[in-house]
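Just the one chain here, the form predicted alone, laid out as C-alpha cells.
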Amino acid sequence: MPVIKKLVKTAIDFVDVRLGIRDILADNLTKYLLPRNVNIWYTLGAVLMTLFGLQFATGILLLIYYVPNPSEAFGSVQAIMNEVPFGWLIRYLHAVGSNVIVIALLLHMLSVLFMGAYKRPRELTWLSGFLLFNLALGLCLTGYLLPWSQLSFWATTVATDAAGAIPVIGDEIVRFLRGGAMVGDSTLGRFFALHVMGLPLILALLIGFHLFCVRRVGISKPPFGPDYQPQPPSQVFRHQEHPGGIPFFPNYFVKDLAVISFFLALLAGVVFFAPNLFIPPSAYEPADPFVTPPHIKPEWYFLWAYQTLKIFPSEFLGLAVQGAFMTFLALLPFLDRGPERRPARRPLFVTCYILGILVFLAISIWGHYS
C-alpha cells in the first residue's frame, strides 16, 4: 500500500507541476462556497448530469446489438431483451431512465421558476436550460421510433402528422421529418442518426455552456429567510460570492450524493418492480403499417400537447397556442424584469405558476383518458 500511495502522489505531483490541478480542484471544490441555506432543489442539476451520463453509457451498450433497419430493428431489440446477458437491464435502464430524466427536468425548471432564479443576470443560464429541456424531449421522440414496434411506429406517424397543420410549409416539414410521404426506412435512418449522434452532440455542447453560465455567474441565493434582500441589477459583470457559505466539497457534495442516490433508487425500483410503467403493451408488438392500433397515444410528457391539438377547432390553432406558450417560457427572464425573487412578494406570479401546473396536469389526465 505505501508503494501505491507513493506512486499515486508521484503521478499527481507530475501533473500538478505542469497543469496546477491542485489549484483547480481547490477553487472548484473546497474553496467554492455556496449559500448556507441552499436547499435540496439545487441538487437537481447534479441528478440530471448523473442520469444523462447513465443514458449515454446504456445507449452505447445498446448500439452494440441494435440494428437500425425496419426489417431487423424489432428483432434486434427482442434479442437484446431475451438473449444478450443483462440486455433487458440495459434496455430498461435506458427506456425508464429517459422518463426519470423528464421528471427531474420538470422539477428543476419548476424550482427555478418558483425561486425566480431565472432573473437577471441569469437570462442565458435559463435560455440554455430551456433549450436543454426541449432537446431532451427531442431525444425522447427520436428514440421512441427505434424499437420499430406498433406503438413507436404509429406514435411517430401521429407526431409527425401534427406538423402538417402548419399552413403552406406543413406538408414539406412532414416529408422532411419522415424522409418521404410515410414513416418508413428513411424515417428510421434519420431518427437513428439524430438520436445517437446529432442531438447528443448538441446536448453535450449545451450542457457545457449551461454549466459555464452557472459557474461563471455564481449560484443564486435561495430567496428565503429574514436575511434575504433582493439585489438591484448590476450594470457590470459580477460573480455572486457567498462569504461565510458552505464549501461545495464535502458539505454540499454529500447532499448532491444523497439526492442522486434517491433518484437512482427510484429508477432501480421501477426497472425491477414495474418496468412496464412507462411501456404500454403495444410496445412489444412489431410495427405493422397496415393495422392502426386503437387509442394510440404519445408518452405521458407529450399528453398535454396531444390533448391541446384536440381541444381547439383546428390543429394549427393548437400548435399556435403551444408555440406561444413555449416562446413565453423561453423569454420569461426578459419579460419579468423586477428584482424581487421572494415567492411571498410575487403573488400574481405564484398564482399563475400554481394554475399553470394544475392546467398542465388536468390536460394531461384528460389526454390520457380521452
Partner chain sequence: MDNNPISPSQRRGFLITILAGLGTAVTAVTLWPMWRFLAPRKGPGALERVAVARASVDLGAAHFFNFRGAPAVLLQPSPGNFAAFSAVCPHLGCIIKWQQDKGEFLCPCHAGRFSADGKVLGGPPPKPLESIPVALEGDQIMVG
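It should be emphasised that the depicted structure is a prediction, and the values quoted were computed from it without experimental measurement. Positions refer to the first chain, counted from 1.
There is also a form predicted together with the partner chain; it is not shown, and the following applies to it.
Heavy atoms within 4.5 Å of the partner chain in the predicted complex belong, among the stretches 202-210, 136-144, 154-162, 81-89, to residues of 81-89.
With the partner omitted here, the residue from 325, 312, 41, 65 that has a non-hydrogen atom within 4.5 angstroms of the partner chain in the predicted complex is 65. The contact with the partner chain in the predicted complex, taken as any heavy atom within 4.5 Å, belongs to 61 out of 51, 61, 303, 34.
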